[in-house]
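What follows is one chain in structure tokens, specifically the form predicted on its own.
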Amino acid sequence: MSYRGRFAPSATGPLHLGSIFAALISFLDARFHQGTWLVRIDDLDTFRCKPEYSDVILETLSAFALVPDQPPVFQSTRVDAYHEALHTCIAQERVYTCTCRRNDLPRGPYPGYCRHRLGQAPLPDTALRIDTQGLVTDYTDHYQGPVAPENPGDFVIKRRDGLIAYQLACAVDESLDQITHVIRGLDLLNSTAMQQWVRTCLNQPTIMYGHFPTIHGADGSKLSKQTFAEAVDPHRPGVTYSNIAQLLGCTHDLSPEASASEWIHYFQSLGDPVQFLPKTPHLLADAQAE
């Protein structure tokens, strides 16, 4: 199958410097491999996601010349597919009811307190976990090389509030969209084993994962919506791209006022992102916004 990559922002707020960087790297990786680049809006969490944020995200990507090769897809339209995958795992007797409260659990992998319910019919209004006995976490990352993330233990695939959990939904999405390469920030490295385990349970083939450095603010924390990173200005994409080029240590002749298309052409001229990305866990920005 030919290369198919994606960028999957959550619809919980506008894009900031870190998320534009993530979109750019996944876009450049797809383009370098003559592949298809898609956008998926992760809006499954109805408590946190808002339709207006989806609109802002797509408008901002367009302003930054990061236009997907196919119309965007939305997790909220795929609930039936997620539940079908959940029932497949239940039928395989891989799933069990968990009545543990988060505050009562020790730090680290889930210790399996409720695993004695494995194979029993799930109870209503409870979380469901998937049995991960046999899971192998080590793999070769497209950007990091050989890695061995911590074993997550039996993780939640349906939340107590009834929502399908991120790890199951994301694994199903990659299958539905026929994704071959998941290129994303290093902060999501530990999700790989969980998502690949779901794919294994659903008899889906292994795909390539690649995790690049994330951008951290002056205080050392990763730029994110949770840390209130300031939104990028869609009217001045060149300023953001100029900041990214500086973070990467790239030499160029472009002005911050150059168009988004000119900047995209420049970044593509750098070649394989694996080669020009710094070999560090994260990049340090002087400020959270331009």
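Just so you know, these numbers come straight off a predicted model, no measurement behind them. So that there is no doubt, residue numbering starts at 1 and follows the sequence shown.
Omitted from view is the form predicted together with a small molecule, to which the following refers.
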Problem - Triple contact flag Arg6, Arg40 and Cys170 to the small molecule in the predicted complex, non-hydrogen atom at 4.5 angstroms - result: yes
Contact with the small molecule in the predicted complex, heavy atom within 4.5 Å, among Tyr143, Tyr139, Tyr166, Phe74 goes to Tyr166
If we test each of Cys100, Val156, Met208, Leu188 for a heavy atom within 4.5 Å of the small molecule in the predicted complex, the one that passes is Leu188
Notebook entry, point to check: Given that the partner is absent here, does Arg184 sit within 4.5 Å of the small molecule in the predicted complex, heavy atoms only?
Noted result: yes
Counting only non-hydrogen atoms, the one stretch of 40-48, 248-256, 53-61, 261-269 within 4.5 angstroms of the small molecule in the predicted complex is 40-48
